[in-house]
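To begin, one chain is listed below as structure tokens, in the form predicted alone.
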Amino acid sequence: MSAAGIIFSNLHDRNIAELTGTRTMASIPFMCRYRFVDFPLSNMVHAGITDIKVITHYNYHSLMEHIGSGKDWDLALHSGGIKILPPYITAYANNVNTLYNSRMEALKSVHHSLQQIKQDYVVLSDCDVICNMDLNDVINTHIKTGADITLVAKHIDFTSRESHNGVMIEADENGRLTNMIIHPKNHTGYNYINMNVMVMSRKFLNSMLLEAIAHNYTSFNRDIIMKNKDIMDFRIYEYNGFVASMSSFKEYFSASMDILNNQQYMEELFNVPGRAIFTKVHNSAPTSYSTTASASNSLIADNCTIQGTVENCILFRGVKVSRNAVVRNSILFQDTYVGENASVDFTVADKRVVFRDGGKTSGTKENPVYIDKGTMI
């Protein structure tokens, strides 16, 4: 069994527009040191996948900087490795000069590159779902059942917050897909939600893309899954571990705080034996704590300076919290500065934000405040 990987970096940018103004969904910072793309990348690497293509759209400069040569994922290889594919890499792929808006259009835009895949199977993954998944088991299950496509899904209560931007999947007792409902707002009770991870054979992917190009299909779910659900074998792989769906800015904040405050979630994401989550390594100085500092229930990255109070927070590299400043229930991205006597609560501050001395910023658990990159307040 050999498999290649395809990661979609931009498909869900609009869901978290606050954080994707200058970056892709894949490169959104997460939990002190990670980016969203680290999770599908690590899942693939642990499954022995060493040929991975990342399909981009726009704003992918920070993604390129983060991935680099791929050495931090052991993907700096002469053959295979990781490649970032900009949209429409051939002139004939886009004769109307527009960017893609869907998974199918993204695949069609790089069809020429996908034709060069030599592995037997292909794993496709978005970047909006955070989990630590055994993809080996998913691939082996797909092969064993002989399905045309295997979709990874989570069984959830559809009165919960995860459902409103998701895709609900209905399946029979054998795990065969029978229906797919997008944004199931009026559904209640337990059912499967699509995790945007799927497995198929290379031959099936290529034949599907040729058909999509010939018939000008634009939607993977509507034009492939729904049109063929009664004549092809589409199956569900039920994932039972922790998963966080990043369907909105509020979900991003809530998921980050849920993980921070739940040791079981932390264990299921970052401490699974043999399945570490890899990320770009920075050789930074350790964080400095002064005699006036107080920090509790927080994740604080390297090269921070803590002189004030930090409670229930996630701080990225280079953050400084000055004397008598109080930061609670907040996420501060790289190189954020909190001035003396400032108060920050329920806030997400992007890179290089400056909170002036004595300033106050406060949101709520349900409505956290977002401060744009480089803002001084």
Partner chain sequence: MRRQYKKECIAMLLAGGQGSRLYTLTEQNAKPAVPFGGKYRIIDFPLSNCINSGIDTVGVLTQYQPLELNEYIGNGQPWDLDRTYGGVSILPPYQGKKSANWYKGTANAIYQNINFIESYGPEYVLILSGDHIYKMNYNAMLQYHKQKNADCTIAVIDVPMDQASRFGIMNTLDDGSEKIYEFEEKPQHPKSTKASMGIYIFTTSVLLDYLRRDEEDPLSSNDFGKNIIPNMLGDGMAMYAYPFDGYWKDVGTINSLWSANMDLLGDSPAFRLNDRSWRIYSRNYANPPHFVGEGAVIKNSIVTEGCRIYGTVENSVLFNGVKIAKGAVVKDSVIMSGVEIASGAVVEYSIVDTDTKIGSECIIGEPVSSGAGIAVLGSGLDILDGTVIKGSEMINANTLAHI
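Positions refer to the first chain, counted from 1. If you're wondering where the values come from, they're calculated on a predicted model, not measured in any experiment.
Keep in mind that the form predicted in complex with its partner chain is not shown, yet the notes after this line are about it.
Within 4.5 Å of any heavy atom of its partner chain in the predicted complex lies no heavy atom of Asn240. Taking non-hydrogen atoms only, Gly318 approaches its partner chain to within 4.5 angstroms in the predicted complex. Contact check for Asp302: a heavy atom falls within 4.5 Å of its partner chain in the predicted complex. In the predicted complex, at least one heavy atom of Pro286 sits within 4.5 Å of a heavy atom of its partner chain. Judged by heavy atoms within 4.5 Å of its partner chain in the predicted complex, the contact stretch among the candidates 217 to 225, 196 to 204, 268 to 276, 172 to 180 is 268 to 276. Here is the short version: of Ser298, Thr141, Ser113, Ser254, the single residue with a heavy atom within 4.5 Å of its partner chain in the predicted complex is Ser298. Between the options Lys71, His187, Lys229, His155, the residue in contact with its partner chain in the predicted complex by a heavy atom within 4.5 angstroms is Lys71.
Residues of 23 to 49 that come within 4.5 Å of its partner chain in the predicted complex, judged by any heavy atom, are Met31, Cys32, Arg33, Tyr34 in sequence order.
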